[in-house]
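Next comes just one chain, in structure tokens: the form predicted on its own.
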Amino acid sequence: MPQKGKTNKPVASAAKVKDGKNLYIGIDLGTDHTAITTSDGKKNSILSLVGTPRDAIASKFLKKERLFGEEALNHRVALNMFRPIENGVLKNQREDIEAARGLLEFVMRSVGAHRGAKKYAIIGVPAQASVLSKKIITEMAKDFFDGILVASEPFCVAYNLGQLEHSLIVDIGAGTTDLCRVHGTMPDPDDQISSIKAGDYIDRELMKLISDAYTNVRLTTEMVKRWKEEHSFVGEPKEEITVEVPVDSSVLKLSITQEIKAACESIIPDITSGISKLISTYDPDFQDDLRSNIWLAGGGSLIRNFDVILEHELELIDGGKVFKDKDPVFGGADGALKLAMDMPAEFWHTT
């Protein structure tokens, strides 16, 4: 059994690592970022954004028919923008499926995974992704791989951490917050809880709070998201947070300290409730082990002081010990890769 608070990462099959005929790939197809990592040691992460030129002038100016990630974001005023993943799920619309296919091809080319060897990939999905959602992702991606599986994203995180017995993963992404208890086997539906109160929810709350506090402000989603990523915190603020905000025809410096605090703390009640449910419905002999081995992962784990405040909230339900994944960007993709490398051949869905 892994020690609580320690990482005891599973060792991948040495034979598979050395087998030059196969390339194993882990992918986190996230609402905000898409991360990829491969068995030959390459990895990349980009924004899950795809842009196509709005008209012939934009097409001639940009000299590309599709832009991805930061490049698409930087030229968004000349583009039709697609964010194909919503609330952690691939949208079931032709344009979004094609955008996701292009995004997947782009990240694979970025790490040289489009060439040569047979390719076997595991794609992480939200904890309670539906059968239909998994099927849509599999159909979208199958042409790229010789074998493909989808797996619970928080379970992939646990696999990467080596926390495979009596652990509880809290994976705070952009579209969903996924909770998963892990007990030495693939999780069942009863082991997992998903909530749409995650990073995007914080953005919406922050925009609403600032708009309510200051009339006539001109806000964009990207502006608010940037402030959140730079300044997010929970608990007591260490300093005043001021930003430059367009107001009518002027630019004013405004304090948004309390608004950021309130927006970030808005997701805590659902997380605490979910942890309580997963602990209370676990085998009574191991409930203390579970509550002492809670792991924060995903981009939301970067919110300052979140682990401390979450532990404080858990004191109301007999306590809990919270640890943080040291690599919230690639934790899910790395876990998916390790799972792929350890997966017996008969488990693969071949394409």
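All values derive from a computational prediction rather than experimental measurement. One rule holds for the numbers: they count along the sequence shown, beginning at 1.
The protein also exists as the form predicted together with a small molecule; that form is not presented, and the subsequent description refers to it.
So, R66 and the small molecule: in the predicted bound form, are they within 4.5 Å at any heavy atom pair? No, no contact at 4.5 Å.
K228: touches the small molecule in the predicted bound form, heavy atom cutoff 4.5 angstroms: Contact with the small molecule, yes.
May I ask you to check whether S232 falls inside a 4.5 Å heavy atom distance of the small molecule in the predicted bound form? Result yes; S232 sits at the interface with the small molecule in the predicted bound form.
Since only the chain is shown here, I'm wondering whether A263 would be in contact with the small molecule in the predicted bound form (any heavy atom pair within 4.5 Å). No, A263 is distant from the partner.
Location of the small molecule contact in the predicted bound form, chosen stretch of 114-122, 165-173, 144-152, 242-250 [non-hydrogen atom, 4.5 Å]: Partner-contacting stretch among the options: 165-173.
Within 4.5 Å of the small molecule in the predicted bound form - does that hold for a heavy atom of every one of H33, G298 and L302? So, yes: the whole triplet contacts the small molecule.
Looking at D200, E259, D191, D96, which has any heavy atom no more than 4.5 Å from the small molecule in the predicted bound form? None of the others qualify; the residue that does is D200.
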